[in-house]
Each structure stands twice: as C-alpha cells, then as structure tokens.
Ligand code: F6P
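This document opens with one chain alone, in structure tokens, the form predicted alone.
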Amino acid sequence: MTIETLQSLAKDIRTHALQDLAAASTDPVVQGAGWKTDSSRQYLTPEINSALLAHASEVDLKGAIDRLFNAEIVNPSENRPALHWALRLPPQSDLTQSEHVTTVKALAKAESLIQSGAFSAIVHIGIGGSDFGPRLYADAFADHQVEGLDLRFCANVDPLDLDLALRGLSPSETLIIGISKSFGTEETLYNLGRARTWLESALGSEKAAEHLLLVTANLDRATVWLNGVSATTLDMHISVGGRYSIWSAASVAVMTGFGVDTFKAFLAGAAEMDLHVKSAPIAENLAARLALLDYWNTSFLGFGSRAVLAYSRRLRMLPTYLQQLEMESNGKSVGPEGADAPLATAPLLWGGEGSVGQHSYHQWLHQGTHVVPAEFILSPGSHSDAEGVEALTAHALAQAEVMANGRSLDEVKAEEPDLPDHIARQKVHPGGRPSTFLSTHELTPERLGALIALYEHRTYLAGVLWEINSFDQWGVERGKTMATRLKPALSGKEKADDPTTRRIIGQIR
C-alpha cells in the first residue's frame, strides 16, 4: 500500500537539507485560473511526489472530483450533494439550474436596491459562513464600494456588536439583511430581533418590514418569525453549506454595496477555477496537488499547523475565512462510516497580512522551536505604485528564502566578524522551514474568486485523503446545544450538571 511507502519515505526525508531539496526540485510549479504555485521549498522529492500521486490514484481522487461535479452524494451524514460550485455556473449552463437561479435572483435584487437609492446604509447580520465570506469580500474590495452606501456587519451575540453596527444610522434609511440557512441560529436571530425592534420603534411594524431582507433555506421558520408581517426573502439552497455560501444570496449585501459587476467577475473567476479542477489531470491539478501536500505534511511529517501569509492588502482577512473553511470542514477524527481516521487530519491554520506580520510572529517562524509550513500568497491589490509592489514582492521572497535556507553561524561571523560568540549564536537562523509560494499578478475580483474556489476544492480533496466527511460539523452543533441547555442555569431556574460549570456560574452571578 502507498501509505506504508509514504511512511517509509517520511522517515528519511527530514535528514535532507531543505535548501538542497529545493535546488534539485524538478516539478515545482503548477498553475491554473490565473494562479501559480511553487512547492520546491517543501520536503518533497520526485520519489515522494510519485508516491503521493500513486496514492491519489489508489483512493480515486479524480473520481471524487467527478462525484462533486456530477452532483452525487458527497455529504453522507445528510445524504446530500455539495452544490456550492453550481452557484457560480455560467448563465447558459443547463446543470443544476435551481442553485444558480438563487444567485441570479440575488444579483437582480442587489441591482434593484442600487437603482432605487432608497437606503444609505445596510446592516448585514449573520455568523460563521454567513458572515466571514461577505466580510472578507467587503474588506478586499473596499475601493469598489458604491458611493453613498454604508455597509456594516454584525455577528457577535455580545450586545455591543449590534449597538456599534446601528450607531448613528437612521432607521428610515437603513436596510437590515438577516442571513441564516436554518433560520434557527441563535446569534443571528437574537441580533435580527433587536434590529427589527429598532426599526419598528421608529417606523411601525408594517413600514419596518420594508427595511428587512431575509436570506434562508427555511422559509417556514422565517414566516413564523415574521408573525404575519410580509418581508422580502431570498432563497439559500439546502445543499450549500454555510462556509461555502459566499457565492449565494448570503452575499446580497456585498453585491449591493460593491456593485453587481464586481460580484459577477468574482463568480467568473471561481467558475474558471472549477473548470481547471474538473478537467486537469491530478498531477497538474492545483487543488489536488495542494491537498496531497496537506496530507503529506500533516499525516506523515507531523506538522500540526500551517501559516497562511497573504502579501496583499486585499487578503488580510483570508486566514480568518480559511480557518472556518478548512478547520470546520476537516477538523474531525472519525469518518462517515464511524471508523477512526487512520492518520492525523487537518492542521491548525492561522496567519495574517504580509508584510505586517513580519513585525510580530515571523520572529517565531524563523527562530522558534516549532517548524511550521508557511503558505506565501503574493497578490498585490494595486499596481498604482511600482515601488510599493517591488517592496511587497521583495519581502515575500526574502521571508520564504530565509525560512528555508536559514543563516549559519559561519555566515553570521563572516558578515559581522566582531560580534561576540554569544550574540552571533542568537543571530543564527536554523532554516528548514518549508513553504509554498502562490502568486498572481494582481488581486482582482476574478482572481479572488478563483483563489477561494481553489481552497474549497483543496479542502474537499484533503478530506477524501483523510477519509472524513468535509461537509458536516457535529462539533459546532454540540456547542450550540449545550449553550441552550445552560441558559436556565444562568437565570437560576435550574442547576448545571457539570460541577465546574456550576462553580463558574456562581462566580459570574
């Protein structure tokens, strides 16, 4: 079996210098949909790459791709396909029209809101995937914002979050958009209820309803919540998970706030990446190769985390977005048939904005005792100033080089011969920190769409390799259930079962 082969190769590879492996790399660059990735600074050899590709064939990774795009059941927990990719299909496509139509309707609604000019502010209320995606998009394309329209976000159940979102706004000029696939998410319904009260106090219930837009897959619950008042609703498809919903009506706020043409370009870039992943052979497939690398680094080399270092102002929120996408999808240890995952699964994902992060946690990456694979994403947000782009590029390249190659004691002494030995030793960089380098010329809406679609497919394929279901989230559901059970204990009506929880509640009260 290829797993035994990979385990044997993993024992040997860490004795090799990463700098030598990079110099000998013969298969570093894979590209698609405007993105290029170089993996020469990973602990890989031609033999390891061949073994990984053999394993991809053994588990039928290409078949997994086909099953996704053929709308077959890939979420066995809920007996559903995963149809987020269908939301961004070109309009002329005949496949899964019902999913794509929901996005078309949302775009039409956004266009009508822009044309009406009825609102000067939009408050987007959601949490998890219903918040992270639109918030990432809004931050990425802040320079595309429709003039005269203020877009704000609210996700946290802490009352301050909504207080700040509504501060200074006029109810008569504000549209409240509530996003909840199930229309049962506590945080969203709490904030949405408070926002509705804010509207009704100023406008009355009938007029306030004209300032509400609800996006859900559970229209019945939304209707009950409205209690006979008519408000505008948009549909979310049941086979689109929250963390994959950025392409859906859940993004109607940013479609409105930043223009439908920008969002259409975003969808087109994602569709371009879909085509690449669907058609490219596994050896030339960006998503498959990155998933195989995740599998190799985590399950065989034992790296427990991965740093995403985005050298782009537009991507400063990308690590936060990817934390939900990857860690909620693949943060599991049991497969869909109830068997333990045979190997370690998804690593901790974290990171931030380059070159800002160089002045904080990069020190730890360079000289700390933990080796963390890094993912550099070079994608300038603008080419308005050549000097800035050159500096951004130089910093990204330099960080990757030093992490991989390090700085020896001999190099330190040669460059600074008068340094005392104890200071010289502190300036040594061990190197050996692996990294992947992703790049595109400029971070446009098309390229962001392609990038997010790439990470979606990578996440799904990594789940296939780890033998887990990437489309359920029982850990999330359990936390919600426990919070509901503890509310009576907080009010003093009941006692919590757990003694530590009881003690903490006593301290709080």
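Position 1 is the first residue in the sequence shown; the rest follow in order. Please read all numbers here as calculations on a predicted model, not as lab measurements.
Note that the form predicted together with the named molecule isn't included here; everything after this is about it.
Next on the checklist: Just to be sure I understand the contacts: of Gly432, Gly331, Gly128, Pro380, which is the one whose heavy atoms reach within 4.5 angstroms of the named molecule in the predicted complex?
Outcome noted: Of the candidates Gly432, Gly331, Gly128, Pro380, Gly128 is the one lying within 4.5 Å of the named molecule in the predicted complex.
### Contact assignment for the named molecule in the predicted complex, among Thr345, Thr223, Asn405, Gln324, heavy atom within 4.5 Å
Among Thr345, Thr223, Asn405, Gln324, a heavy atom within 4.5 Å of the named molecule in the predicted complex occurs only for Gln324.
Could you tell me which stretch in 193-201, 432-440, 179-187, 396-404 has residues with non-hydrogen atoms within 4.5 Å of the named molecule in the predicted complex? Residues of 179-187 come within 4.5 Å of the partner.
Item to complete: Consider Pro134 of the chain shown here, and say whether it contacts the named molecule in the predicted complex, taking contact as heavy atoms within 4.5 Å.
Response: Because no heavy atom of Pro134 falls inside 4.5 Å of the named molecule in the predicted complex, the answer is no.
Arg67, heavy atom within 4.5 angstroms of the named molecule in the predicted complex:
Arg67 lies outside the contact set for the named molecule.
Is Val59 part of the interface with the named molecule in the predicted complex - any heavy atom within 4.5 Å? Taking the distances in the predicted complex, the answer for Val59 is no, it never comes within 4.5 Å of the named molecule.
Just to confirm, Val29 within 4.5 Å of the named molecule in the predicted complex by heavy atoms? Flag for Val29 set to no.
**Item:** Gly242, Gln473 and Val476 each touching the named molecule in the predicted complex (heavy atom, 4.5 Å)
**Value:** Every residue of the candidate spot has a heavy atom within 4.5 Å of the named molecule in the predicted complex.
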